[in-house]
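Next comes just one chain, in structure tokens: the form predicted alone.
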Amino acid sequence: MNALILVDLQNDFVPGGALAVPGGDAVVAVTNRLLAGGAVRARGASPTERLRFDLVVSTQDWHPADHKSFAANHPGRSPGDVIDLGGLPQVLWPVHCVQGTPGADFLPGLDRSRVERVFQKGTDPAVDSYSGFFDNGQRKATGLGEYLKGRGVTDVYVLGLATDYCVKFTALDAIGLGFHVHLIEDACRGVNLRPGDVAAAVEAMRAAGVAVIRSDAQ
């Protein structure tokens, strides 16, 4: 059984949002095409066989306003600075995806009719949570791993925002939990805080065993 994970397809991560990912809004059309059953091959399938996802879930950044990953909550600090937060290196971000705000809402135009469950993350103000499975210290699980295993999922397909942060760590944690993981590269966009971050993230995922594919793979 397979599952598609939609990572953080939220208003604050696209142009016009508080933490805009360049080209982030372009993933909606690709995602909707995938949800309709098009243009990606299953592991071990024939060249002409296309995959329909058995299960679709979504992650949602859902921060309290006092989250310690926000530069605004550290006087004298700016977005992009790196601090120690609870023993972990933490990039400071603009205030984004605050619980109950329009920026935390899912993107308009995204077909959510097949999303069976939403897993919220980043809810603890003391630790950030890039991955859809765990916080950054892997001290607390979101329940996504248990949910997928409980449904009999073996193959996970990952897309969304942003390639070099939440997508990357979601894919790596899925590998660590024993899933066969596939990154749908053209359905992702990255922050690229430093030039080359996106390419390095893709290579890190590939090196860990993630299959990097495209939605138009033949």
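From 1 onward, residues are counted along the sequence shown. The structure displayed is predicted, hence computed values, not measured ones.
In what follows, reference is made to the form predicted in complex with a small molecule, a form of this protein that is not presented.
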For this session: Look up in the model of the complex whether Ala201 has a non-hydrogen atom within 4.5 angstroms of the small molecule, and give yes or no.
Result: no
For this session: May I ask you to state whether Phe133 is within 4.5 Å of the small molecule in the model of the complex, using heavy atom distances?
Result: no
For this session: Evaluate Val210 for contact with the small molecule in the model of the complex, applying a 4.5 angstroms cut-off between non-hydrogen atoms, and reply yes or no.
Result: no
Exercise. Going by a heavy atom distance of 4.5 Å, is Cys166 a contact of the small molecule in the model of the complex?
Worked result: yes
Seminar exercise, completed: With a 4.5 Å heavy atom cut-off to the small molecule in the model of the complex, the contacting stretch among 22 to 30, 151 to 159, 173 to 181, 56 to 64 is 56 to 64
